[in-house]
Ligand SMILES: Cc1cc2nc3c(=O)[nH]c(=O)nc-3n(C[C@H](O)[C@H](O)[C@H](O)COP(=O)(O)OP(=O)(O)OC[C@H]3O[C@@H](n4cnc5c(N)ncnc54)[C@H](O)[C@@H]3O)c2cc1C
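Just the one chain here, the form predicted alone, laid out as structure tokens.
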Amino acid sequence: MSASADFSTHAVHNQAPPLAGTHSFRSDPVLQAALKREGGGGWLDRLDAIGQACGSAELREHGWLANHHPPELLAFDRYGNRVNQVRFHPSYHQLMATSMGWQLHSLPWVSDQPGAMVARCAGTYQMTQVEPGHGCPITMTFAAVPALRHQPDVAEQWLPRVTADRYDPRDIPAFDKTANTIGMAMTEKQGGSDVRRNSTTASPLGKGGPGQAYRLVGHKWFCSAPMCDAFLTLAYTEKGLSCFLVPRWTPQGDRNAMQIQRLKDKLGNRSNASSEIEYAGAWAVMVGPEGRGVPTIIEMVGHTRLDCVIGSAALMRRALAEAVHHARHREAFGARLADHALMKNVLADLALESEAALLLGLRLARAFDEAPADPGAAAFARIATAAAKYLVCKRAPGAIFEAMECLGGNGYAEESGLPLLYREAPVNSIWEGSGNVMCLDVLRALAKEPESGEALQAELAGGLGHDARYDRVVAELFADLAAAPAHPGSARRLVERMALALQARLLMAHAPAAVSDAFLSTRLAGDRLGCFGTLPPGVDLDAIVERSLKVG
């Protein structure tokens, strides 16, 4: 063998090119149509610009780096002083600045243009596909506004900075910054979702009452995004569980007695910090009526649940896009993966799940847009958001896992981005009320707010008369709604059918026949086994897959 023989074995071929560089708005015809239909058509230029940024290799790289270099807790400085700082990689700050620059934390609160909530959700849907972790403080800052408005004097002081779009990561007093972010510290280790078991106490520094200063003492098991400028929290006064705003710095310019004990080693993203904290006599101001803490925060909870639905839809969309893109470029067993019948079935099934989730999420966003002036829309949002959060967030992990399998070993590697999506998916189901809490919330709405059940039935009734499968399921659902509060053990079954019927209603009205018929036959009529990729013969797989990721 000659000395010049070529021993090189590292020839790279039959690998898909990077998906980065694909315009995340223009490649998504389902998103484009839903934005216009749900009232966000006036925001097309903004969403197109967001799509260009979110599809860029640069922003995708920031998403990767923010998770590759997780935040670090600096509880003390070199001299032993308590500083309670969490240091983030610069890419995390870039993501925060990008989302706040697009006003994803504030758009419905600062714009009178119609469709602002739909536009915000469409933008959030795209940014979540870039990196989901930084969305936690974005969502909390956005959702905190309704709660702060319960206390006009506090709102007047804070809202101009909370809704400002110039992200400011400096660790200085809130009133010296260009913009503020808001976090939450609600749950405690002995209570979780049952916040009435909280033990944190609040003692007035003066006369007490709404808008007055208190000292808080207690432990919070989860404090999301601990470098936010202030936190909404719950604590007990003599009159009961009350809502408070706890700033990281006191009005006098001192570090508040809110001590970060540790960062949580959580399943999902690594970019954002979740923490455990102590209130060691922390200064706070009461927000809303004393003893009415839960009613004060309830509207905030509704908005965070909406983002859980949008976030889960976004994770499924990113996973679907990666799977379709890979299958279109990878060859195996003599053909492109996308041309193999079984792979085509899997991709089409995932596309159905993704489209149904997005359509329901943006329909909810329109209801939120309309709710201030339309009691019917508010009633619909009240019950449908809980049902959607239950189903969409439950379906996301399985869909993402199946998309990961489409990439084989490549999908199992961290570099693909699929493991992050898979780890992240369960949080939207757990956060702001797990599955059982959502189902019990639906039962509570049916029993105590009958107008919500009426709004739901009116929405579903609009789809009757077009398909016998849909008509049969809705008739059975209507019969079960009246008896539902008496059968809490069957609540999951009821709520799942409720959300599926809503998705079917939207697909029948707005999706091509190939999509709606496949969804009805598999999700409502039951002609499908438990796994993805079991769509029955006769489904137009090519049409569904081609619709899922537009090229060019």
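All values reported here derive from a predicted model rather than from experimental measurement. Note that residue numbering begins at 1 and tracks the sequence as displayed.
Keep in mind that the form predicted in complex with the ligand is missing from the display, and what follows is about it.
Proximity to the ligand in the model of the complex, defined as a heavy atom within 4.5 Å, holds among Ala455, Ala387, Val287, Met140 only for Met140. Proximity to the ligand in the model of the complex, taken as a non-hydrogen atom within 4.5 angstroms, holds for one residue of Gln103, Thr200, Asn84, Ser274, which is Ser274. Using a 4.5 Å cut-off to the ligand in the model of the complex, not one of Trp109, Ala147 and Ile298 places a heavy atom inside that distance. Though the partner is left out of this view, Met186 does reach within 4.5 Å of the ligand in the model of the complex, counting heavy atoms only.
Contact annotation for Asn345: none of its heavy atoms lies within 4.5 Å of the ligand in the model of the complex. Although the partner is absent here, Gly192 sits close enough that one of its heavy atoms falls within 4.5 Å of the ligand in the model of the complex. Proximity of Asn269 to the ligand in the model of the complex falls within the 4.5 Å heavy atom cutoff.
For the ligand in the model of the complex, the listed stretch (365-373, 436-444, 210-218, 150-158) containing residues with heavy atoms inside 4.5 Å is 436-444. Along 393-424, no residue reaches a heavy atom to within 4.5 Å of the ligand in the model of the complex.
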